[in-house]
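One chain comes next, on its own, written as structure tokens: the form predicted alone.
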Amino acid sequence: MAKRVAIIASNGGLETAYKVLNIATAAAATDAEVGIFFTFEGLSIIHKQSEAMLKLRPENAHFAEGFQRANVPTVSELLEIAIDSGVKMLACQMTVDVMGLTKEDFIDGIEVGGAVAFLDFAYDADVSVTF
């Protein structure tokens, strides 16, 4: 039986995007079933304009050079890897509504649904992580 990993992404920023997508793609690579629930600032990770929206905090600006030197994939590339690996990505319906967004604001492959939809997945998770 495959392991199940439930991730909640509620914060924005490039650091958070890398944390979320690193865990998600690593888990998917081990054949785990992975679901990510994006809410509040975490929605910026899956936004079509994420490259412009996701910034390093000033105290972490030195990471940019390290990411390039280590050949770390971009957030867009990691999202593509995650989607291709079957990671389920769910944007919080309530937050989408509150922020005046629509499904069209997000990259392809994103579903919009309520917390209950994610909880149905997360109740059976072997690992739960929140960023």
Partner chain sequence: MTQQLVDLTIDCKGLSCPMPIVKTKKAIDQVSPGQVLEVLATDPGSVADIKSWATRTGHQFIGTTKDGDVFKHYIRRTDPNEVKPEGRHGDVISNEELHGLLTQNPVILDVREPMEYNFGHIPGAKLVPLGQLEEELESLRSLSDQVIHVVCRSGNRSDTACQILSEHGFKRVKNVVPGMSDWTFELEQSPS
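Numbering follows the first chain given and starts at 1. Just so it is clear, the structure is predicted and the values come from calculations on it, not from any experiment.
A second form of this protein, the form predicted together with the partner chain, is not displayed here; the remarks below concern that form.
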Per-stretch contact check against the partner chain in the predicted complex, the hit in 57 to 65, 40 to 48, 25 to 33, 95 to 103 (non-hydrogen atom, 4.5 angstroms) | 25 to 33
Contact label in the predicted complex: Leu90 to the partner chain, heavy atom within 4.5 Å = no
Give a yes or no for Ile81: in the predicted complex, does one of its heavy atoms lie within 4.5 Å of a heavy atom belonging to the partner chain?
-> yes
Do Met53 and the partner chain share at least one heavy atom pair within 4.5 Å in the predicted complex?
-> no
With a 4.5 Å heavy atom cut-off, would you call Lys3 a contact of the partner chain in the predicted complex?
-> yes
Using a 4.5 Å cut-off on heavy atoms, what residues in 66 to 80 are near the partner chain in the predicted complex?
-> Ala70, Asn71, Val72, Pro73, Leu78
